[in-house]
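A single chain, nothing else alongside it, follows as structure tokens in the form predicted alone.
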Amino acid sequence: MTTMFNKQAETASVDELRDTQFKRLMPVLQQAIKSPAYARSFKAAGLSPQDVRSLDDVAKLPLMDKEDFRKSYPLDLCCVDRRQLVEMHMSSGSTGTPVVMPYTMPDLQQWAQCMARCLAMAGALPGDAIQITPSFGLFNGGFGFYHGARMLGMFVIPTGAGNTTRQIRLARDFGTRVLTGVVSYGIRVMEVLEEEKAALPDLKIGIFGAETFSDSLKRKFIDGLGIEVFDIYGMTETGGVGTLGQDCPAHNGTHVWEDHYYVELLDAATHKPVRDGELGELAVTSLTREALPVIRFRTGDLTRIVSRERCACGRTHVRIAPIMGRVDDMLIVKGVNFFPKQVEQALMAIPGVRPNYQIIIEEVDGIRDVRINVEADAGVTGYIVEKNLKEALGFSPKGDIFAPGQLPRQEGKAKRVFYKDASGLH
């Protein structure tokens, strides 16, 4: 059994978890209708909180998605008086109006508790040095790790993003044991360590998130950094990084904190429930958020239930598979449907291929094609890459091999998919 932050909650029986979920659901629904946006939604559906008499009745409630957040900008979904708010974070808004998440003091405590569970589950201990590389700003990543690390009693090194050479020096000087960041920044750390022929002997744990994370790429991290790697899960709408959960040392699915969140797997087209083991869109209802609890929030993330049984780590909370992709991420080329994560999985399985690549969708005269550019060591040929991609995707994409460091990098989350038309690459 691994280290647990709250053993009683993390090992509760299924019956205890269901009882806790229902007891917490009712006050959340009563809280939600204090929000103008939720009140309108419930009225349009002809429902009231009293119509929910069991967890099965959650399916009666209206679904919501990112568009509901955008339409309610800035605080129309908020369920408390403005004077109770103590913090806010929001998404980048790169695709439209940003998604805003406000917090009361109890909300920050809830976030910290979920994060502390994730950190402890990864093997972090009080007093360990944790280096927090996500930015401290409107994006929730840096603050989420900070709140959790403080609650666990860790030694915080709040570097934020960028200046990788300095990051490595600080990690070496202060004995960083736990490194956190977005997946693509972990790749950058590996690159600079290789360039500088440096090592981080104290580093044992890497916790990465915010981007799809294939098993092959995890293996690159394990081999390149010599650490155990964990995939943390959470989003702005659920309260931030780590709120939903993380994988444990068994690495057989992501534990979702069911005493804080009720989850459903739905068919992405019909919104009907799918069977355990089938791919579906994750919908989330928060049970312990105060300022803005989401109710049947369609995350857009595609996953499946791995198991509802007690895990080898001792935890009883449901396990879901790593996110395959998003509902709107699916690409269709030459009649074949695939997700960017499948491309990454195939590429990272090739010895010598580096973790930086581009998927370029080209459209000429209405005909769509795909080009996949990759960075690779000398000796990796286009034929090798094409062969592996054909086996994984079912067709042969075009593409080129680039020397390490030649493809562009982005600050924060890496952009992997590009579209090319007459106006250029975008």
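All residue numbers are counted from 1 along the displayed sequence. Computed from a predicted model, the values in this text were never measured in an experiment.
One more form of this protein, predicted in complex with a small molecule, exists but is not displayed; see below.
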| query | finding |
| --- | --- |
| F139: touches the small molecule in the predicted bound form, heavy atom cutoff 4.5 angstroms | yes |
| In the predicted bound form, P355 touching the small molecule (heavy atom, 4.5 Å) | no |
| Proximity of D231 to the small molecule in the predicted bound form, heavy atoms at 4.5 Å | yes |
| I205, heavy atom within 4.5 angstroms of the small molecule in the predicted bound form | no |
| Listed residue (R326, R172, R308, R304) with a non-hydrogen atom within 4.5 angstroms of the small molecule in the predicted bound form | R326 |
| Proximity to the small molecule in the predicted bound form, single hit among Q113, T164, T212, T288 (heavy atom within 4.5 Å) | T212 |
| The small molecule in the predicted bound form: contacted by all of S35, A39 and L292, heavy atom 4.5 Å | no |
| Stretch in contact, per heavy atom within 4.5 angstroms of the small molecule in the predicted bound form, of 197-205, 260-268, 155-163, 139-147 | 139-147 |
